[in-house]
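Here are two versions of the same chain, shown separately as structure tokens and labelled structure 1 and structure 2.
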Structure 1
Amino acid sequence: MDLSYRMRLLIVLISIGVLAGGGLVVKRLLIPDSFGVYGPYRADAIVEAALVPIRHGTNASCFKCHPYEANIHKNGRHHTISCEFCHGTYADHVKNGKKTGTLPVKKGKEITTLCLRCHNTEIKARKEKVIKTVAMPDHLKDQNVKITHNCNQCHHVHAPLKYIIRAKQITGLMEAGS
């Protein structure tokens, strides 16, 4: 090929221009839109993180439809326990104000296992001021009940001292209203 000096220079310049322009276009396509707004990351990722659907409600969301349980739970010693820990998440139960699933209710020995998760004295890390603990089966023996008893046969699971206090009041060990 026999090109003039000017022609060759033009070809070189055009190729540089095409390469640089193409590079810029590719760069533009590869970098996400919101990249670099706050820093070297996609700012939209913050929006996405905020839009993750919540699965846990609060106790208040459960109390709205379960006023009977709410009344017992709120006035008992267990008022700090989350409903959803024992029964499952709000999202598995209600969607858009409609019931979509039934949450499990613990029964029998499951309840004892669940209680001892927190109330077992054997784990020596539970302080008196934080939680009242019992040793099993010593507690059952001390209270003169069968060793096969489950916790919920004496203690209401939502308000553990509800029946105990009532029984004491009836037998005169405790004054009514105290």
Structure 2
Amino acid sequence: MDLSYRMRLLIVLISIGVLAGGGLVVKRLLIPDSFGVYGPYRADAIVEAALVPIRHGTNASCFKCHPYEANIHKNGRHHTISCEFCHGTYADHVKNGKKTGTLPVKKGKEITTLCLRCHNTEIKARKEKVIKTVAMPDHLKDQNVKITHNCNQCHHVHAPLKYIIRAKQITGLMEAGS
């Protein structure tokens, strides 16, 4: 081996060593001290997440101040749907237990638009099986209702079958206890 070949090999090895050492230094500078305390995670992320203000509440948080709606909602077909899904974020309405803002109330076509978030198609559980649901606009056609009708012209927004059941009871199409 001649001297120039050894020199080039030494330069390559030194370069690799410098790059590797530099990479380790940069890695050490960029990785936070709390990384790895709880496995391959940054432990400080838990503390930071706990400091983020809570934006969403449960239905129970809404029901405390809205008992009339709570009673209807709990007994309706939509009892599993969060109030926030339709009305907006709890934090935009209440802070530290006090009302700080008014959530928008949907009216007219806005109600239908809201209903169509879920009721614009049939929900398929499997390829061949449809979960029982109301799909627009077929529902309006099946009921011989104009396509321009809003959902709340026939349905209570918090308990969709409330008006329907009551109408059937009044007309004698359904007994009061069923």
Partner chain sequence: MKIINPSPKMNRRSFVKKVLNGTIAGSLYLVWPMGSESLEIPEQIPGIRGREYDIHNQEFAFIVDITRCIGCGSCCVADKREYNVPDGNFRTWVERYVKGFSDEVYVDCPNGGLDGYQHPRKDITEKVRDTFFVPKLCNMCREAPCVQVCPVGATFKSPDGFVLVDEKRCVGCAYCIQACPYSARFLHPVKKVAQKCTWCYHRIRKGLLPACVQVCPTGARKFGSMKDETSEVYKILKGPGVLTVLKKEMGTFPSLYYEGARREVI
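None of the values given here were measured: they were computed from a predicted structure. Between two forms, the rigid core is the largest collection of C-alphas that superpose within 1.5 Å. Every residue number counts along structure 1's sequence, beginning with 1.
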The form predicted together with its partner chain? Structure 1
Does the distance between the two CA positions of residue 140 reach 2 Å or more between the two structures, the core being superposed?
-> yes
Is residue 131 one of the residues whose Cα moves 2 Å or more between the two structures, with the core superposed?
-> yes
Residue 16: CA shift of at least 2 Å between the two structures after core fit?
-> yes
Aligning on the rigid core, one finds that residue 25 shifts at its CA between the two structures, in Å, by 15.2
